[in-house]
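A single chain comes next, written as structure tokens; it is the form predicted alone.
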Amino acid sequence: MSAEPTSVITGDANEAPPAVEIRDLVVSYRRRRRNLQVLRGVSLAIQPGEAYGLVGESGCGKTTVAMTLMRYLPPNAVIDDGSVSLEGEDMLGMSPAQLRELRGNRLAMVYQETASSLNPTLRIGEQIAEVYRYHRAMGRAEAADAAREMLTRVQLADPGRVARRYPHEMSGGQKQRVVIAMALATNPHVLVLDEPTTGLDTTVEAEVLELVAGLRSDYGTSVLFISHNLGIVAQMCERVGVLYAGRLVEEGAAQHVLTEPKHPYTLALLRCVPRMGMHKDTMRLDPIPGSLPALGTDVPACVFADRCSITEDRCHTQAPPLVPVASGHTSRCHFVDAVSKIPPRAFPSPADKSDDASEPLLLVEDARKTYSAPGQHVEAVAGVSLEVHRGEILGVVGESGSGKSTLARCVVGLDNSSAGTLSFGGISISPAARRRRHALRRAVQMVFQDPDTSLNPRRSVRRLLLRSVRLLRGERGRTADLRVRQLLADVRLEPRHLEVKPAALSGGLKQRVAIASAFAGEPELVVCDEPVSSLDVSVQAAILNLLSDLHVDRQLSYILISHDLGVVRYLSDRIAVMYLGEIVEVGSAEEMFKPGHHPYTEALVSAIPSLNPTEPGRGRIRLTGTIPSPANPPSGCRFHTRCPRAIGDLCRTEKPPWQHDGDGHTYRCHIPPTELRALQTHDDPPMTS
């Protein structure tokens, strides 16, 4: 195999070696007596104190790179070729004892799933103290003190109390901070972050990223940052590498690669992202056609050729050279100069929507949901009123714990609302789904965040969809089979998918099956609870386009719940913002992102990561503290304990009125629209203390 390092940075002999240097790495997984290649000669270097982002779709090999660096590859993995060094030392030749010493003191990793990183049977303080006891030989008391100090460093309030908690007693953002505390406990030289913020709220995500950036600055830590969120990579990393089918296809300064891509795959990824100002009614997303080569596929030439729009014969026969396009910026493509000229794929113009001004399809009035425990009553939904018109998409946003999913479950009848009324099509409906007429249960369906929990793993796609057709439509035999095939076509699945089980499908394909199941009864209202939060940007774009097409073709109404404000902005007609069980703002998708909105919405919008974080006018508004407990909500305005624009006793003692700013835009705040708009157009955003 010819050596062709792609990003090895060399200098004087006296200079410090790279923190991480990977050369021509080839890794395979052995399955059924075959070695299936997953990394195809990957070379990269991370300099001391540098943050390096690694992006690409699921299955491209990003986590395999991280696991090779950590030497945590599974038993069926084979390192066929290449080298991996940490600060000049060869890692592939190290003994298990040497690796244990290295991982504890110079190399650490933060995983995507905190549930797999924390022991549910041990208190948080014990788990962090264990790191100090094992790697610093501290006594119990000294390790416990060090653990509490580390909890303070990761900005967890009341570290003594946090140390006594178990993992299940903490929120996702708090657990992620604990995992980061454990990883940084011994001041590692290199930190590997594998999708560390996937599934977190926008505000929590921003706080975790700022925490990592601050600690990295304090300790001079080098970072390998793996993420499918391109905006986060642009914000966090100096350099970025784009991985596709096990090969690094582009690399360079993050600001250049993500704003002026020189490889068709990088450009295609960027065109999948719903940017601010984009909306389904005026512009379609451009998902990448086709799919990744199957694991182990022999690709002697360009790995992206089968999905690329500017291929020629040589792309299928000749491996493209590594072309320098600027200082430190390289691309593996035959047509580097043509990439910027690739036009977006042509799509039909978005269909015109029906302007149905009739009474709301769904009307929720003063809905409440209270959970009772010994000595405690938790009001998860606290007097919510909203309406959804026929053919409308209502986005619902807010942090975890704001009541979004509880409200959704009350709408579909999975939870019984404790008070308030619901009506559908002008007819009052029962809070419990089991007491609703069959026609109504069929008319209101739900798509959940994780298809793994909503699809029976033991049934094939055919049986899953047949069951939905039989239950919701009462169809049998050939009629049911025809209906299943139509559903398959509606969600852009192939007939070959009918006989496979969910485990054999990718995340995007499983979500399509879940959508088809929800649409089996031809619903009128579909509640989508975080339907794309864990998907790659390319798969996310395809699912968003699919939801948009079904919405227009069938004049459906959606309630779209998401923590990704870019997704909500793109797909929604109106947006409702929830905080601590209450709706605090409602307005059109366009108006909600302009000054003159609730201070909570202002903070959410300011936390959206941008592909160009240096653009003028951006500044994040930090919310101090965590969302209060719904068991003991603050008096007056529920947001006043965290509000950067709170105005004293008025906010603490009096419930704010609804302010009306025209065109159906309303928000609940003591500050009137004109004054709030003037505050929010000031150059310097408020900073809470």
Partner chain sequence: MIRLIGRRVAAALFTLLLVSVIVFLISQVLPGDIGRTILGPYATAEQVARLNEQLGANDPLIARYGNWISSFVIGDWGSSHALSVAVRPLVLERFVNSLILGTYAFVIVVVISILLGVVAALGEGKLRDRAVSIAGFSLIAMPEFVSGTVLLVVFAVRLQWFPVVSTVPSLSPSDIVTQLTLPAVPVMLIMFGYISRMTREGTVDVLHTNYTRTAFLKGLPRRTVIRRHVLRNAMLPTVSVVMLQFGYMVGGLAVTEILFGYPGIGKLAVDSAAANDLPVLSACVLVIAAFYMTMNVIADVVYAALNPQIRASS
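Worth saying up front: this structure is predicted, and the values here are computed from it rather than measured. Positions refer to the first chain, counted from 1.
One more form of this protein exists, namely the form predicted together with the partner chain; it is left out here, but the text below deals with it.
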Identify which of H279, K594, R100, R136 has a heavy atom within 4.5 Å of the partner chain in the model of the complex; exactly one of them does. R100
Which of E113, D81, D145, E359 has a heavy atom within 4.5 Å of the partner chain in the model of the complex? E113
Using a 4.5 Å heavy atom cut-off, which stretch among 321-329, 160-168, 206-214, 421-429 contacts the partner chain in the model of the complex? 160-168
Report whether the minimum heavy atom distance between L122 and the partner chain in the model of the complex is within 4.5 Å. yes
Should E195 be counted as a contact of the partner chain in the model of the complex, where contact means heavy atoms within 4.5 Å? no
Using a 4.5 Å heavy atom cut-off, state whether L118 contacts the partner chain in the model of the complex. yes
Indicate whether G383 is a 4.5 Å heavy atom neighbour of the partner chain in the model of the complex. no
Heavy atom within 4.5 Å of the partner chain in the model of the complex: which residues of 47-77 meet that condition, in order? M67, M70, Y72
